[in-house]
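Just one chain is shown here, as structure tokens, and it is the form predicted on its own.
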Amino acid sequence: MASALRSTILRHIRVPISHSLSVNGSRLTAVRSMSSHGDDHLDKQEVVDRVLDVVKSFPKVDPSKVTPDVHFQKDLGLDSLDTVEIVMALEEEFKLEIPDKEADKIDSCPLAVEYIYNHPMAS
């Protein structure tokens, strides 16, 4: 039982590792976070496919207009509330929470894909 609990905890822990380096009298510090999520990170094409599926399934969207480069307002005619609803659907699909400050910037499929693909907890 203890090993199962240990295994479960270790799957969700991030351990920061830092190194200091002096170059020409300037001290540089590098921090690298190690995580067990590295093995199961999402493939970019999988993220693209799932983002497009979420957008296509949105009630006000014509699925034939959805492409990997589509802008929610300019190309699909959605308003800002619709965009918020799409971002919320993406959070649910990828089991992650996008802070409001970042969510406000996501107004197209390429931005959604980039954010989700680079998010370490997306699944």
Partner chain sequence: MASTMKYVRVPPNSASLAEARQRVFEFFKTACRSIPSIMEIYTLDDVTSPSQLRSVISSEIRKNAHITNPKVIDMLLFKGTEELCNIVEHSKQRHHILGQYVLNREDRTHDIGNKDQGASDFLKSFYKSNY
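On a predicted model such as this, the values are computed, not experimentally measured, just so you know. Numbering follows the first chain given and starts at 1.
Just so you know, the form predicted together with the partner chain exists too; it's not on screen, but the next bit is about it.
- I98 belongs to the set of residues with a heavy atom inside 4.5 Å of the partner chain in the predicted bound form.
- The partner chain is not drawn, but in the predicted bound form it has a heavy atom within 4.5 Å of K60.
- Although the partner is absent here, D53 sits far enough away that none of its heavy atoms falls within 4.5 Å of the partner chain in the predicted bound form.
- A89 belongs to the set of residues with a heavy atom inside 4.5 Å of the partner chain in the predicted bound form.
- Shown without its partner, the chain has no residue in segment 105-119 with a non-hydrogen atom within 4.5 angstroms of the partner chain in the predicted bound form.
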